[in-house]
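Coming up is one lone chain in structure tokens, specifically the form predicted alone.
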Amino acid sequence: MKRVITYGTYDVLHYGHINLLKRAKALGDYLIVVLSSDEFNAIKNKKSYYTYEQRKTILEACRYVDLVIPEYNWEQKIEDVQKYQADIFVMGDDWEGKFDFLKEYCEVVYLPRTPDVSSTQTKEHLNKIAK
């Protein structure tokens, strides 16, 4: 079985996220999503619209996702890849080169982002129409 692992906040889930998850799952048989915890988001000065538990529930409902685990810090990636026996690490291409240090442990793939969609833009739009 080929295991794929990816990371993210996945706040305000949109079709760009689904495209990324679908393409990540297509690279293997089992997809692990490491989801930023609320505590980690605070360290990154990010505030999610939904709590970790709510985002986890949404991701678990996605047919491409097999397992959702929490991300607590930047440094846990090597440990996660080893613990979950990941064969492939996947991130969006806006992170290109940032995770090449994982090539010692697994294949690293950067997938193109879906054009014209982002969580930031979605939140900004929702805030405008809510006013």
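Being a predicted model, the structure only gives us computed values, none of them experimental. Residue numbers here begin at 1 and follow the sequence given.
Missing here is the form predicted together with a small molecule; even so, the following discussion is about that form.
- Of the candidate stretches 39-47, 61-69, 24-32, 78-86, only 39-47 contains residues with a heavy atom within 4.5 Å of the small molecule in the predicted complex.
- Among residues of the shown chain, F101 is not one whose heavy atoms approach the small molecule to within 4.5 Å in the predicted complex.
- With a 4.5 Å cutoff on heavy atoms, L20 counts as touching the small molecule in the predicted complex.
- At the 4.5 Å threshold, heavy atoms of D94 reach the small molecule in the predicted complex.
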